[in-house]
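To begin, one chain is listed below as structure tokens, in the form predicted on its own.
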Amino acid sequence: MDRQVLERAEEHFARLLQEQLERIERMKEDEGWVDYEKVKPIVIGVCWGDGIGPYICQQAQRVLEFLLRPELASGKVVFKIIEGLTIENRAKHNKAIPDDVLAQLKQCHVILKGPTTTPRRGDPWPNIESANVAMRRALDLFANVRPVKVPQQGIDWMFFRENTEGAYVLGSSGINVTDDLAIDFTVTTSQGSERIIRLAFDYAKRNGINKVTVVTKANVIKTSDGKFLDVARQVAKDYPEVEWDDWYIDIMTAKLVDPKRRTQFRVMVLPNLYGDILTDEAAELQGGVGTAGSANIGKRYAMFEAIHGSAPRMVEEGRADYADPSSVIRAAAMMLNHIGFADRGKRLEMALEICGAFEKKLVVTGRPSGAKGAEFADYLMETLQDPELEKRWQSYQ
């Protein structure tokens, strides 16, 4: 083989190693968690994204403004609209997140984010990195937290997906060594694994849940997945009151659709790629990815988003007003919980279940045959005003 080819690959790998070693040192500098009770104002960034993002985010913002009226009036909470994360603007700057947009994001404490387009090979856009991946790395949003609930089927799951490592962190940093050989990389660190696994065990302990399941493919991916599982064994020793087990990702995908076994799972923690796949499968049982929200948590920042894509075809066909805002509104409920308004977050979750799963007085289909997103948001806010909301919700349980 041409020596220059090997040298080029060695230099590329050495640069990636140096970047990751520096990242480990930054993780060792623990800054502690933000105390939102002491923050005034709490700055909520609303980052529209592209495609249907602006349409659904505007509805989520309306609902949040409705629930946070006292805090908005007192100045405890302010909203900051952040534009510029469209695929057109990112392509113009040839960056996953343009510098001015990232600077605005860093002025916020929490961010409500619409879906963004990630170019694929053959698309008319430059091969820029996923804005989600870039944001998670830039803001160190190490935990992707996704709840899935289907009460009728006994499903009550909470997924903790590692967000800054695995196969995605270097997803655009692979190398075509030759025309015949392409190499990608996956990254697992002790520090990155411990903080996501500990967060999952903490959640289980705080909520009285006696079960954490660690998902890997450590029998085959022995080094990186093996490290993740080894760290889990060590962390579990600090939580003797929490039972834990481990499953391989392939059989886990099967067990989530097994009615006899799936109700036995409660809290699951897993590396990045596996978490992305498994949570999409889980969301389908809840009604599809359009119904699911997710939180991306770090110690300094947090970002909340829908888990579906930007649906550019809906915009092209003039159907964007009919896009379902449920997913990003569900993410807004998670945001309320995170910044200290758990009571209102819970009410919003109950209203979403009443309106979207039980009563269904309005159904959003994504087409003119159904309700518009704004109409669904109106339905939600009307439901939220019901003083008997909790009793109404309990009647469906």
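Each residue number is its position in the shown sequence, starting from 1. Values in this document were obtained by computation on a predicted structure and should not be read as measured data.
Missing here is the form predicted in complex with ligand IPM; even so, the following discussion is about that form.
S.K.: Just one stretch in 259 to 267, 190 to 198, 161 to 169, 86 to 94 has heavy atoms within 4.5 Å of ligand IPM in the model of the complex, so which one is it?
M.R.: It is 161 to 169 that comes within 4.5 Å of the partner.
S.K.: Identify whether ligand IPM in the model of the complex is within 4.5 Å of every residue in the set Gln153, Arg330 and Glu353, based on non-hydrogen atoms.
M.R.: Contact check failed for every one of Gln153, Arg330 and Glu353.
S.K.: Among Thr118, Gln104, Gln286, Ser224, which has at least one heavy atom within 4.5 Å of ligand IPM in the model of the complex?
M.R.: Of Thr118, Gln104, Gln286, Ser224, the residue with a heavy atom within 4.5 Å of ligand IPM in the model of the complex is Thr118.
S.K.: Quick one: from Gln234, Ser130, Asn210, Thr186, grab the residue that has a heavy atom within 4.5 Å of ligand IPM in the model of the complex.
M.R.: The residue from Gln234, Ser130, Asn210, Thr186 that makes the contact is Ser130.
S.K.: I'd like to know if Asp276 sits close to ligand IPM in the model of the complex, meaning any non-hydrogen atom pair within 4.5 angstroms.
M.R.: Output for Asp276 is yes: heavy atoms within 4.5 Å of ligand IPM.
S.K.: Is Arg136 a contact residue for ligand IPM in the model of the complex, using a 4.5 Å heavy atom cut-off?
M.R.: Judged by the heavy-atom cut-off of 4.5 Å, Arg136 is in contact with ligand IPM in the model of the complex.
S.K.: Is there a non-hydrogen atom of Glu305 within 4.5 angstroms of a non-hydrogen atom of ligand IPM in the model of the complex?
M.R.: It does: once ligand IPM is placed as it appears in the model of the complex, Glu305 has a heavy atom within 4.5 Å of it.
S.K.: If we check ligand IPM in the model of the complex, which of the residues in 213 to 239 reach within 4.5 angstroms of it by a non-hydrogen atom?
M.R.: Read in sequence order, no residue approaches ligand IPM (within 4.5 Å, in the model of the complex).
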